[in-house]
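Coming up are structure 1 and structure 2: the same protein chain in two forms, each one given alone as structure tokens.
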Structure 1
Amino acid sequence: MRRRDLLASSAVIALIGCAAQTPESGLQFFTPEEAARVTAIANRLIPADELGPGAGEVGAARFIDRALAGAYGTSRDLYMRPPFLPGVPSQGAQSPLTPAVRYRVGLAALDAHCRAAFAGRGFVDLSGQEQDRVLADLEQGRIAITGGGRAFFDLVLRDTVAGFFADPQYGGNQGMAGWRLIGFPGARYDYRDVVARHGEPYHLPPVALA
């Protein structure tokens, strides 16, 4: 194992160690501060508008929190044996950093960046326009974060979208807001009566599993 990987692994233990949450927060991985930052980010990635609520308002932080506390957060089901060597893009991601570590490190680094750039204000204290600018910088790789700023942005974007469109039992998409936005009927499971009714609107409201 290379030194950088070793450091990253040690970081996992050190960082996960401080994740114990108070029962009243309902959080399983995030600190309340981290959850607030994720909510704020998600509300910029998929903002509230006349079409409906933002992703943060309908549970993005709760969705990601639960995912990070489980198999996804620890990369439990992935091949995580060393050595971790740099490859070419066609070989897929090669990193010992789990999503849980990426969020812990990434959210802290992003906030530190904001406090340095905006006179002590953290991400949640910024205006919507300022937040968008920070996120665009992150997306373009202009903010340095362990594991890559652009990779962290892509991770948060992917997870936010997943939460917005996943079944509400996972914590996001509350009120089936994501499904209502686009017209997806969820878990209806039976369209025999409408399959051949071409071009007609589907009128039944969405249903969720839980």
Structure 2
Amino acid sequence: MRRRDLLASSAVIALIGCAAQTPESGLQFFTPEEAARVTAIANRLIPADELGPGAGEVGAARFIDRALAGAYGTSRDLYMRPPFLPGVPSQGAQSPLTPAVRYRVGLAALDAHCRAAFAGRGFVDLSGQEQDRVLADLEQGRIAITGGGRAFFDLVLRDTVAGFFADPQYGGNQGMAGWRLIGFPGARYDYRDVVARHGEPYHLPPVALA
């Protein structure tokens, strides 16, 4: 399956606000080292190719950083009291760990695993093939992480996809790269000039909320 088709089939336009107000280039939750790891992971999950840049290149880590600094990171709007019992996949994560905690613990454990397995090199220092192998082990639960390796992989994958397709004002999808990839028109106000052109490709560039 081509990258465009794969992403178009799973694209969800996620609009997640941030609680704190900091300079546009500043981090609100991640340390610089954590942000670099998330960027590297995002570039392997949605890599660059002839159709456009990877998710990490267009700000997926910044999008996730802002989300973790707000209500999403603390699970503020979710019921988070015990008991925490095994559930079915449709029930979502059944864990006392918030996304912020899962990222902090998971990124540290992932880097520790890499340094033990690759002669002191962290995840960002590995080749693309080595990073893919590590992520495959993470997806299969072969890397020990509090809360589960597969659960952490799924979390980062979901947030990376959201960051790749969210409106650029939330930090990711810079240059509307995700929207351009799948032909999404964005938040254009008026379509009357093109709505009658049935069967023709949409020819106007995407428009962000800003």
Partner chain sequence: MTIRLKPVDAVIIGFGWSGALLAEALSGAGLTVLALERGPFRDTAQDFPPSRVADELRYAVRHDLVVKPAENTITFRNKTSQTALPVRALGSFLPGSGVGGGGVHWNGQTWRFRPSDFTLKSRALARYGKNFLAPDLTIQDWGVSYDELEPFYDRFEYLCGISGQAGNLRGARLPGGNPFEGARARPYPTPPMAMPYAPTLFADAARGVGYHPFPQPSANLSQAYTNPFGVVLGACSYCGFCERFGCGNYAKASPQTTILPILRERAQFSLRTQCTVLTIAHDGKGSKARGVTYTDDSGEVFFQPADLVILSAYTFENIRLLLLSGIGAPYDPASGKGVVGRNYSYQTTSSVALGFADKLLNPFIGAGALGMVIDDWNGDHYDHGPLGFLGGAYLAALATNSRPILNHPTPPGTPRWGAAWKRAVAKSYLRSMRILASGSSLSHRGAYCDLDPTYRDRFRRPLLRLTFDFHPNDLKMSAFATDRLAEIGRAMRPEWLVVDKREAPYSIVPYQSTHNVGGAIIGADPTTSVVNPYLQSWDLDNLFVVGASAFPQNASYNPTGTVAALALRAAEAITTRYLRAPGPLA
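Each residue is numbered by where it sits in the sequence of structure 1, with counting from 1. In this text, rigid core is short for the largest set of C-alphas that superpose within 1.5 Å between two forms. Keep in mind that what you see is a predicted model, and the values were worked out from it rather than measured.
Source of structure 1: the form predicted in complex with its partner chain. Annotation for residue 93: C-alpha shift of 2 angstroms or more between structures 1 and 2, rigid core superposed. Comparing the forms between structures 1 and 2 on their rigid core, the Cα displacement of residue 191 reaches 2 Å or more. After superposition on the rigid core, the Cα of residue 128 moves by less than 2 Å between structures 1 and 2. Taking the core as reference, the Cα of residue 83 moves 2.6 angstrom between structures 1 and 2.
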